[in-house]
Each structure stands twice: as structure tokens, then as C-alpha cells.
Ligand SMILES: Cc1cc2nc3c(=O)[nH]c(=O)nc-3n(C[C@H](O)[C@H](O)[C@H](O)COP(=O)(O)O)c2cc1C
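Take a look at this single chain, the form predicted alone, given in C-alpha cells.
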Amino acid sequence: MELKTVKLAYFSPTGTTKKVLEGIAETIGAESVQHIDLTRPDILSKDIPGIKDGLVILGAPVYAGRIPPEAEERFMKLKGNDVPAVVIAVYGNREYDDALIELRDIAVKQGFKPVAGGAFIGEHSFSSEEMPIAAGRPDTQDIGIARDLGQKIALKMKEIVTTGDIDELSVPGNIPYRERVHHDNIPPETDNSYCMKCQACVGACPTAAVTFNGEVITDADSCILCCACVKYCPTGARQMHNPMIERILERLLSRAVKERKEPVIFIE
């Protein structure tokens, strides 16, 4: 199958998922790479034309072993029309659990034909200088594996004559999926002594939970704890100091999370 276009469709609040998808696309060899950024909340009010050709790489972060509902809601705006797809889950060095199989199922439900998948590591949302978890990832080594996957996908696509030749993609995970974990009403806070009112946090928030009215206001019910506002704040004014989050971090760091995990890829 001749591959002229690769479309990157991603929910990527902190940019790690986007970076992995770009690495994969670099070596596929398509004539053009197009982005479908599903991260910002205004995408929910936009129409996205059905995808009828090329290859689509779908990517999302993993939150407590699942694809975030907000990401799933945005993927539901895509229509695949039997277009081949690659599914990529990006997790914070703990486990991806059922996220990859869930993303595969979302892709199939929306009419795509998954041909490959992968679980990559990105800096954990709760990572900080004091408690680093997968800090700086995806790094050069991770992107090298992403590029290798891109080359394998290019070879795979050359073998495919029609989408009827694509077998069901097998990836790890359980059905039914694990129950979602909810951490309600514990969003990041703003230290006004550091806040320069640049509103970077407002623009970074994928759910419009952060607004500005002379000072930064956070709607706790809308916050999904992606911590994009923390990562993109230029002065460190946005901070996560909730005792519950600190206990979660301590538990994570007491386990094998300190040990570097490597990306895994799946391609038939």
C-alpha cells in the first residue's frame, strides 16, 4: 500500500505523547505529516472531516492504567473509514495496564484498522525536582525506538495490498478494563508570590479548568491532574503540594518505578 500521508492524532497535555508520535513519523517516509491536535478543549466544538486515506497514529497518555475519558471523548470525533492506524500509549514508568488495548478498541470502534502499537515512557505528570519519575522522557533513546518503529511500519505498509489484509492487532491488556482511579478536588495551586499573570497555565489546560480573572482560578471538578499547568508555568507558581499526591509519589518511588522501563512495540 502506497503511503503518502501520515496523520498524527493525539491528546497530549504535556507534549510527551506528541513527541513520541513525531519520532515515529520521522522514519515512515510519507510525503506529508499532518497533525490533529485533540488536546485543547475547543476541539470539542469543531468538526473533524472523516479520514479516508493514509495512515493515522493515535496517541494518548496513560492515567492510572487507562486512557483518560477526555482523550476518548476526543478520539470519538474521528472517523476512520478502514484507514490503517497505529496506537500509542505513553505512561509514566509505572505500568500501562489496560490503556493500550483500550486505545486499540477505541480505534476499531471509530473505523480504523490497527496495524501496530506501542507503549512508550513519558515524564510522569506528578514528577518534580524533589520527586522525579521518568524525568526528561521520552529521551534520545526512547525516540530512537520510536524511529525504529516507524521503519517497521513503513515495511509493514508495503506488504499490505488492501485493508482486508490487516489482521487484528494483539496487544497486552485485560477486558473488562481495570476500574478508573479518581482523585477528586485536588488540583494544582498557584503561589501568587511567583505568579506573573502570563496565563500560560490557562492556555495549557486541556479541560478549561484554569481561568484568569485578575488571578488564576482553578475549577477542581474539571481538573484531570495532567499537571500541564505546572509543567508550562515559567516561574514555578503552579504547584502540586496536596498531601494525597505526595503520598502517591512516595508509594511510586518506593516501588520499581525508579528502575528505568523501556518502550515496547507490537507489530504483526
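What you see is a predicted model, and the numbers here were worked out from it, not measured in a lab. Counting begins at 1, following the sequence as shown.
Another form, the form predicted together with the named molecule, is not on view; read the next lines as being about it.
Of the candidate stretches 84 to 92, 187 to 195, 156 to 164, 139 to 147, only 84 to 92 has residues whose heavy atoms lie within 4.5 Å of the named molecule in the predicted complex.
In the predicted complex, none of the heavy atoms of Tyr177 sits within 4.5 Å of a heavy atom of the named molecule. In the predicted complex, Val62 approaches the named molecule with a heavy atom inside 4.5 Å. In the predicted complex, no heavy atom of Gln110 sits within 4.5 Å of the named molecule. Although the partner is absent from this view, Gly117 stays clear of the named molecule in the predicted complex, with no non-hydrogen atom inside 4.5 angstroms. The partner is absent here, but in the predicted complex a heavy atom of Leu225, alone among Val230, Cys205, Ile28, Leu225, sits within 4.5 Å of the named molecule. Interface residues of 11 to 36, taken as those with a heavy atom within 4.5 Å of the named molecule in the predicted complex (partner not displayed): Phe11, Ser12, Pro13, Thr14, Gly15, Thr16, Thr17, in sequence order.
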